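The chain below stands alone and is given as structure tokens, in the form predicted alone.
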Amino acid sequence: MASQPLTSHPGPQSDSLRGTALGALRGVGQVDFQASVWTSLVILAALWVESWEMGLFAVIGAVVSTLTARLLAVEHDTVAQGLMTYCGVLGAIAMVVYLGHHPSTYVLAVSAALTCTLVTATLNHLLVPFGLRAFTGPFCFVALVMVLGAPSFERVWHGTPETAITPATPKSPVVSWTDLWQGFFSNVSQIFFVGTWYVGLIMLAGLFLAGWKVGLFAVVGSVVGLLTAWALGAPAALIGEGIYGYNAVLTSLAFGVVLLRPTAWNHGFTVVAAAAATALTASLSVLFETFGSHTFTWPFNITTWALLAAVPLLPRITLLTDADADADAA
């Protein structure tokens, strides 16, 4: 999604193949804005810990979306950084989560990953004049269309799988200590459709491998998500499952690590953005439920697009420049 540019020069075919392989791997970490190979490996391992289906479909999405970009001659650096891959990873996982594990799901996962790559190019091109980026918008659009359309096709629809059903939960807003500490970690894993706290713990460790600042803003986003959901009286059980916090984590990583310079005003803006994404999660959940769809990462995308578009008119909020990024890397 965003990372330091990779300096490379045209070389032998082996370099191109190596870049493609690295791009597929880095695409996993790029879901959380990180091109670190180690972070990507840890997150991928966490998905396999959750289940072999989750791990396998993440791999399918990464490979297919990266090869699609490679075959269409997308710029080498873009492919090698995983910037054409991350939406395909989420798209493939979404197919097995919301449509179940069937032979047809493999076909749909390949289709989703391929289409996510094309839509990523489309959105990035269309949003350039507005100073915006695609983020996970391509995944949201593709998953929305495919999940909504699936029940119309007998060969791909096998009923709603258990993975797509949110069990009936108590509406009580009384949060226990267990809800808080499990929700803190699940906020990180729910980005990948996983509500298991120890999977979130593994993923958070992977984010800290990318740098203390990355891990810190993941923590900030998770805490803001928890506090906002609690303050608004969200069901405690859903807070514990990370349903209300994962968009806050993504938003915090976006503004805190990738988009804004490290100033006090910008950090405050990041906290406001994470809180807004949490509140929007509830609104969009109600909206999408009315026509049988799912929230995905729409709250993160809408919040980030809206607030990022406002930055040019907010002089105290300053964007991160290439020079700032190079300084951080040094």
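These figures come from a predicted structure and were not determined experimentally. All residue numbers refer to positions in the sequence shown, first residue = 1.
One more form of this protein should be noted, the form predicted together with a further copy of the same chain, which is absent from this view; the next part is about it.
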Region of this chain that lies against a further copy of the same chain in the predicted bound form, out of 193-201, 121-129, 177-185, 246-254 [heavy atom, 4.5 Å]: 121-129
Residue contact check: residue 145 to a further copy of the same chain in the predicted bound form, 4.5 Å heavy atom: yes
Exercise: residue 17 in contact with a further copy of the same chain in the predicted bound form, heavy atom 4.5 Å: no
a further copy of the same chain contact in the predicted bound form: residue 106, any heavy atom under 4.5 Å: no
Residue contact check: residue 154 to a further copy of the same chain in the predicted bound form, 4.5 Å heavy atom: yes
Whether 159, 208 and 217 all lie within 4.5 angstroms of a further copy of the same chain in the predicted bound form by heavy atom: no
Contacts with a further copy of the same chain in the predicted bound form, stretch 299-320 (heavy atom within 4.5 Å): 306, 307, 309, 310, 312, 313, 314, 315, 316, 317
